[in-house]
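Below, in structure tokens: the form predicted alone, a single chain.
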Amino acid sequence: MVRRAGHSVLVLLGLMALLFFAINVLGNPIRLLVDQDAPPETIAALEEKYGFDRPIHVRLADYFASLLTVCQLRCSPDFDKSVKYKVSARELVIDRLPNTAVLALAAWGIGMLGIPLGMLAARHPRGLFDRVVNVLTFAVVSVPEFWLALMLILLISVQWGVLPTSGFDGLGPGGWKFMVLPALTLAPRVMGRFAQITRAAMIDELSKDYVSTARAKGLGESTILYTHVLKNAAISIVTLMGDELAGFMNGSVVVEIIFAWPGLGLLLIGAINGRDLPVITASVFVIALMVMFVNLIVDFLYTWLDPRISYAN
């Protein structure tokens, strides 16, 4: 696991290098901050201030040197000030991270309801309940999130007046009403995927010999299903759980834009449009760390669920 963590660090450094070159190839972000008729002296002064007058390989070397040095001292890399917001890019991203994390966990938690649905559907394959679950899950997985968001706003906010259409009022007790619609928009697709993969994995396990042996020994269906079958099918379920949670940590861009939710997705899109390299770098760095952390947790769960899985070799 230490070796896998080391590989993750190398992947992260490679990702940051590719991102650095990709952003710089697009052009000089300083020219987006000044008027088209700005004098060359002003542009040159800003380029010198933000370091864009230096060759690209020098800036890349300085960036990685400062990144590694700061990580050794504080384990909290600094990404310079945002070109647009004039504040620390690191602090800007850290302020937005809890908003994305809470929304992701809320939608992910609601989506977990698909696991018991898939389990119930697997108990009676091709039965009435199984057919209903199949139809509903395929339907919700196919619904575009932007369309669902607009329909929820139209129905719940505009016609019923129950919840606000958009906005943000913190993560305290008064802010829950702004989170409901974004979470309900993100959750159905996750719930449908959980139900589908749980049903498929458990039906596959129910057809194996150890289930017939357990039934021959007189074990009840509930005991077989929840004690033996579920644990063996959990590898696929845990894989999807980690994938969906990591996807949420990328920032649900469309949903955050529609509901004006100040998360990482909304921040990253604004930074890309403005070529704000420090904010883009900080956002991608934090998102990559979250995704790698989730994947490492999933790897640990693999070894706990199935002792035959080993990363020693």
Partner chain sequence: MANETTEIKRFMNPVTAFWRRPLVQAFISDPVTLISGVFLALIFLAALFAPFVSPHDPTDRQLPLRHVEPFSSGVAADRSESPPAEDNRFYILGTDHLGRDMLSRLIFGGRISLGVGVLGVLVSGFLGLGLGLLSGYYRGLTDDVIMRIVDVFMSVPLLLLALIVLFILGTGFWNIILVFAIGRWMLYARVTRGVVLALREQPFVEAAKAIGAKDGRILIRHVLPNLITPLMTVAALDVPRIILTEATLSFLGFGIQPPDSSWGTMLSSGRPYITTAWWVVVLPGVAIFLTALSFNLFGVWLRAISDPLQRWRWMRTTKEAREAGVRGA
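For the two forms, the rigid core is made up of the largest set of C-alpha atoms that agree within 1.5 Å on superposition. Residue numbers count along the first chain shown, from 1. Since the structure is predicted, the reported quantities are computational estimates derived from the model, not experimental observations.
The next section is about a form of this same protein that is not shown, the form predicted together with its partner chain.
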Subject >> Candidate stretches 92-100, 106-114, 176-184, 152-160 - the one whose heavy atoms come within 4.5 Å of its partner chain in the predicted complex >> reply: 152-160
**OP:** Name the single residue among Y210, Y226, F146, F168 that comes within 4.5 Å of its partner chain in the predicted complex, judging by heavy atoms.
**Re:** F146
Original post:
Would its partner chain in the predicted complex be within 4.5 angstroms of a non-hydrogen atom of every residue among A5, A214 and V294?
Top reply: no
**OP:** With heavy atoms only and a cut-off of 4.5 Å, decide whether A44 touches its partner chain in the predicted complex.
**Re:** no
Original post:
With the partner left out of view, is I23 within 4.5 angstroms of its partner chain in the predicted complex by any non-hydrogen atom?
Top reply: yes
Original post:
Would M249 count as a contact of its partner chain in the predicted complex, using a 4.5 angstroms cut-off between non-hydrogen atoms?
Top reply: yes
**OP:** May I ask you to state whether S142 is within 4.5 Å of its partner chain in the predicted complex, using heavy atom distances?
**Re:** yes
**OP:** Could you list the residues in 268-306 that come within 4.5 Å of its partner chain in the predicted complex, counting only heavy atoms and keeping sequence order?
**Re:** L268, I269, I272, N273, R275, L277, I280, V284, I287, V291, M292
Original post:
Is there a C-alpha shift of 2 Å or more at I297 between this form and the one not shown once the rigid core is superposed?
Top reply: no
